[in-house]
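Following this are structure 1 and structure 2, which are two forms of one protein chain, each written alone as structure tokens.
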Structure 1
């Protein structure tokens, strides 16, 4: 059984950010494994531990992103493919999915796992785009996964409830971080990760699928979200402050 997990390196949204001349600048240049992808890796590991198989992670990104591949390998993935970008291109989900589709064209696999969205852009597009390009059955926003034979039983989070869906292999699933707590690599894991094979592929070798029109959306600027003015803090006797605020919600805000 072969699991592929598509992982992305994203800027750490917890690090201080600023906008300089329309560019988004992250002071410390801190990048991490997309949290949703970490959950996807974790899920593959759990399934592999129970049912056997092999896990390969795939990442499109610059040279520096190899540390993110190592992170996934340290968690326990078996190997990695690094689709190396030169750093000048600005890909969107559509073009990432096209490149990935080209990568997967001649691969054999039962399962492709993606994160449900990128933590930085919250797009949530690449997974189902890839499924469509590869003509795979898919489920998004998975919060639970099981294997029955080769079929995946996916619990996905819908608007009001959850749906249990059965997918025949090969299939694609996008994972929510609500499905597990990704393991923190052990020291042994970190040490082993250095010796695991990582195959580097130039993105230009996979650009077959990319046409002129493949980059369909572009960011033209950033602005800081207008800050909310912090309001008033009420400290003191619970009875009194509770009363006071309740009355203000009525008289001053008219929201009750």
Structure 2
């Protein structure tokens, strides 16, 4: 059984950052494995330990992102593929999904796992787009996975409660970070990760079908979140306060 897990290197959200002249300035040395992807790796490891199989992680990113691949390998993944980008290249969810679809088009697998979103943009779109491009059945926001025969039972968090979905192989699942606590790599795992194979592929070799119009969104700038106006405190008898608030809501636009 072959599991692929799509991972991403993202800025540490706990690292200091500032906005200067519309630019976001972050500590370039504080990059980590996306938390949602770490949960996807952990769930693949749990399934492998229970049912056997092989896990390969796939990452699109610059040369320095190789350390994030090694983190996943140290957790227990068997191999990695690094789709190498140049530092100046930027992609959105659509173009990430297009590149990954090109990577997967000649691969054999049972399941592809992705984090439900990435910590840097929180878009949460790449997994669903990738499933569409590959014509795969998929489930999003999984909080639990279980194999029954050749089918995967997905417990997902819906808007009003949890849902159980049965997926055949091959299929794709996006994973929530609420589904598990990703393991911390052991010293043995870290040492073993250095000997595990990582295949490097130039992103230019996978841009078949990508054009300048393939990037659907772009960041035009950053600005501080506007401060909220202070609330108004009412004093007096409850009945009088209730009437005053009701009149205020009735006269204000776009409140109710």
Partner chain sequence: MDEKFDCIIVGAGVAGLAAAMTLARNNMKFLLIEKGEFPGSKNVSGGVLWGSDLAKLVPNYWEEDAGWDRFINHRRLTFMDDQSTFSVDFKSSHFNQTPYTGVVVLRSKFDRWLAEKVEEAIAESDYAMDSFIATNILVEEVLMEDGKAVGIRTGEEKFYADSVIIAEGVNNLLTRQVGLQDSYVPADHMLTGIKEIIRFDQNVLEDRFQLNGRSGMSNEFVGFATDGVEGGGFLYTNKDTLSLGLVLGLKDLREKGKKPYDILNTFKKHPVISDMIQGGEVVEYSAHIVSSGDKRVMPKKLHTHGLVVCGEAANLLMNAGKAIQGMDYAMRSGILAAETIVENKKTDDFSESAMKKYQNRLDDSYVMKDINNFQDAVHLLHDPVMTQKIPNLICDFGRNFFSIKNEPTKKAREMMSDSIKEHASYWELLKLGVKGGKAL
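The structure displayed is predicted, hence computed values, not measured ones. Numbering follows the first chain given and starts at 1. Think of the rigid core as the biggest set of C-alphas that the two forms share within 1.5 Å after superposition.
**Q** Can you tell which of the two structures I gave is the form predicted in complex with the partner chain?
**A** It is the first structure that is the form predicted in complex with the partner chain.
**Q** Residue 16 and residue 95 - same rigid part or not, between structures 1 and 2?
**A** Both residues go with the same rigid part.
**Q** Using C-alpha superpositions, work out the turn of the smaller rigid part against the larger one between structures 1 and 2, rounded to whole degrees.
**A** That works out to a rotation of 44 degrees.
**Q** Once the core is aligned, what is the C-alpha displacement of residue 240 between structures 1 and 2? Give it in Å to one decimal.
**A** Its C-alpha moves by 24.3 Å once the cores are overlaid.
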